[in-house]
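The data below hold one chain only, encoded as structure tokens and taken in the form predicted alone.
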């Protein structure tokens, strides 16, 4: 594949969703079917183009080019390597499935003429983040994604949604300012913010440490890291379920991606280990894991429980980043894949339950598994994977992370993983067991469902919604049953690329 072809494909992957946004918005005037078709077609093309980059990157291909210069040594540029490919391909796959799921889920919702253009524009912004060639470009796309995603958070326009959106917006502004300050420091110290020049900051200084903290705040906020997680438990439950799946399954990963670039391209693992900065990230990761799991236990709203679970699961990824050896990075990158599949299933299954029954309280889930067996079956598979039950993909990522912790002589981290798995079981099993093995009972006072809706006459959600959940649930099985699967292989190659400085 020639460099010019690769460049054209990257421009299309990022530009097509952004250019299609006004087209989709205008098509709403004529036909809902046309709007839906254009949305799915755009997501499909982005996914196909992302996959077509595979032969180039698997052969060790790497490319970076400048679109235009903003100021001297400050430009908008794009970059393709194995890391950007992994995240872009994963994002486009989950986005396509969520868009298909949205067609039925959003059919009776208001403001769909706003929802679909925003959904597709956010896809383009996410792809821009993953293919950014420098920190300034990454910042621009990061802010675009964060600000436009605000509309998804407040879509319901309820008082609760508006409050959650306000908190999300405030945290986004704080994170953006921290990132901007960090980028300015890097530019001052290194004379560039390009990700294609090796390690930018070569010497330790107070300013370098401040930049590291700024990046930790900016990207950690988006990744749901303690204590910057406060927006997440409010934002995810109020958003439409397909948007919640994307917020948790993909958009949280933009923060993790940014931290990876900072660790390996702005600083270096050696610098972090020598200065002990890795311990800061490690401590925050452990708190994030245990806090998210512990608070999830107390949540009766199913989407809030899943939101706190997302906080805990992203803590695993951050933990792998803090250990900084081969197995840990492999485990962290593979958990990005695993969590995207698992949590997307969980949010979409929760959405299907709410869509069909109106019930969202965990205490109201008795008998739901008999009424919606495929939906709860998919939910159960993903939940078992989150717990870490073999041979599902969640077990493989936790196993690899544990090996990384032992390689670094940090058995305490293995204990944290085990405790978190136990806590996962404690907040998922009380959903699954009553759903299949108890008869429906009275709904809780907080439920939106009436008493007449808890009989055994409820059926599955729309076929397209069920099909999406089944595909994602199968991914959690396939990528666990076969340890040498494509996702794990890509994770291994990504770790080699990062640790060896761009060669594998």
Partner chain sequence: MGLTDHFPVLIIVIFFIAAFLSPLVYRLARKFSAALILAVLTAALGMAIFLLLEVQQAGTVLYHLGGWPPPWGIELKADPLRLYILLVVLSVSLWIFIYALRDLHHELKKRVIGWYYTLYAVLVGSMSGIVLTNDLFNLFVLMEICAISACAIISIKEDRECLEASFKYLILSAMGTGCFLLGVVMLYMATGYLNYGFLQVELAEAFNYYPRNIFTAAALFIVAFGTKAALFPLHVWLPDAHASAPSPSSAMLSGVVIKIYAFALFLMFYEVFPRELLATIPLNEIILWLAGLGTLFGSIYAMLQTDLKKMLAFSSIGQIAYIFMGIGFNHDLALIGGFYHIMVHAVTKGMLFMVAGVIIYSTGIREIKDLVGIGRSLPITMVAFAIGGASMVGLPGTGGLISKWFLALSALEIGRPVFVLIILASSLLNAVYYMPIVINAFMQQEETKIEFKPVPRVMLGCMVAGIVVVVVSGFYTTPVVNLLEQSLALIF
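Everything quoted here is computed from the prediction, not taken from an experiment. Residue numbers count along the first chain shown, from 1.
Separately, the form predicted together with its partner chain exists; it is not shown, and the next lines address it.
Taken together, 143, 162 and 177 are fully in contact with its partner chain in the predicted complex: each brings a heavy atom within 4.5 Å. A single residue from the set 217, 284, 76, 295 has any heavy atom within 4.5 angstroms of its partner chain in the predicted complex; that residue is 76.
Only one of the listed residues (52, 467, 70, 37) places a non-hydrogen atom within 4.5 angstroms of its partner chain in the predicted complex, and that residue is 70. Checking 219-227, 184-192, 338-346, 249-257 against its partner chain in the predicted complex, the stretch whose residues place heavy atoms within 4.5 Å of it is 184-192. Heavy atoms of residue 166 reach within 4.5 Å of its partner chain in the predicted complex, making it an interface residue.
Interface residue remark: residue 301 is not counted as part of the site for its partner chain in the predicted complex, having no heavy atom within 4.5 Å. Remark: residue 355 does not count among the residues lining its partner chain in the predicted complex, judged by a heavy atom distance of 4.5 Å or less. The closest non-hydrogen atom of residue 395 lies beyond 4.5 Å of its partner chain in the predicted complex.
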